[in-house]
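Take a look at this one chain, the form predicted on its own, written out in structure tokens.
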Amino acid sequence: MKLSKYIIDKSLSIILIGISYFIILMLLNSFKIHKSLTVAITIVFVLMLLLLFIINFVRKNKFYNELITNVNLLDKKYLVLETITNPSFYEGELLYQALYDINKSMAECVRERESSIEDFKEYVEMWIHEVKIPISSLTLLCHNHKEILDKSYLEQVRKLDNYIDQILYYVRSNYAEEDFIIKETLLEKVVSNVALKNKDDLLESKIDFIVDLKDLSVYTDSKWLEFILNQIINNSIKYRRKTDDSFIKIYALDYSDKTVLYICDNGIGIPQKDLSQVFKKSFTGENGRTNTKSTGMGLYIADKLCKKLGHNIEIESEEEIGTEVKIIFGKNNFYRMNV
């Protein structure tokens, strides 16, 4: 709170007080009051006005400065009311009460909004679980009638299943911590499950699937890691080169402070201008627009889940050479002591 602006704000009051005092002086003069008494009255009048002005300014200055400082320091600025004390002047009390009512109203609106979102998430999850049953039945039917059904039927069903998984994990990603079970997980087992899920696509695309994991294990949630790897493998299959020497190679290296899982392919690669944006939400890039239809959500969700799990995900790529994705698992004794 600036003194100069406070004085300007009170300028009308100062002018009115000055006019009032001039009238008082005229009255004192008309009644032939001794000049020494007039001077004494003037001194007392000015001192009282200055004292009231200073007291009023100090009280307001303390409250408003605290309010502005706390607002600037807070990330969630609507919590500012919790950081200030109830002011001792009437205007401040009115402001405090108004802020309290606004905050209360906003909190109620937020609760209603959150409740609505939670209801929607629950419905989406329920719908996904229900729709997965007919998708599984369709997959089974396609396998049992391969001789009469075109392979494109099974391919489309698998795509549908993958998109359904994306929706499920995207919905859950905002509160993924509630579903985490962090424990020592054998990488080979997770990769095996992913390979089994993508077996048909790998065989039909004639992609060599090379795995070298040396019985390495990491501390993670196997279900969520499986989804992350599935998104990466799906991208490698989707953006493969149409040659007979296509491959996906998965291996891991163990260091003193971390374990790094590598997923490499010799696909069409990612243009350098797109590489820095592949983890952005709904970003499809040049490949997603020209080679195949893409939602741009797979790597976004994978990156988001990696952060939730405490892992890092990095990607390197070169056009017509291939792509390498790294998932970095830190080593922390906390899990070893608490599992």
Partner chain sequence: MIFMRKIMIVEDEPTISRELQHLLVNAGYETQILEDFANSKQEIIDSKSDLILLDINIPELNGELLLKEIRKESNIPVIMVTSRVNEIDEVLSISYGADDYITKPYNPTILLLRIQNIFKRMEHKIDNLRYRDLEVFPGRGILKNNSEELQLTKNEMIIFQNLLNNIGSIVTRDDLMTDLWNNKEYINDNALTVNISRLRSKLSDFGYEDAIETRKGQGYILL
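Positions refer to the first chain, counted from 1. All values reported here derive from a predicted model rather than from experimental measurement.
One more form of this protein should be noted, the form predicted in complex with its partner chain, which is absent from this view; the next part is about it.
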| query | finding |
| --- | --- |
| Answer range among 195-203, 264-272, 69-77, 107-115 for contact with its partner chain, defined in the predicted complex as heavy atoms within 4.5 Å | 195-203 |
| Contact test, all of Lys60, Thr85 and Gln97, partner its partner chain in the predicted complex, heavy atom 4.5 Å | no |
| In the predicted complex, the one of Lys132, Lys159, Lys249, Arg241 near its partner chain [non-hydrogen atom within 4.5 angstroms] | Lys132 |
| Partner proximity in the predicted complex: Glu188 to its partner chain, non-hydrogen atom cutoff 4.5 Å | yes |
| Close approach of Asp208 to its partner chain in the predicted complex, 4.5 Å, heavy atom | yes |
| Contact label in the predicted complex: Ser136 to its partner chain, heavy atom within 4.5 Å | yes |
| 4.5 angstroms heavy atom contact with its partner chain in the predicted complex for Tyr169 | yes |
| Heavy atom within 4.5 Å of its partner chain in the predicted complex - qualifying residues of 210-249 | Val211, Asp221, Ser222, Lys223 |
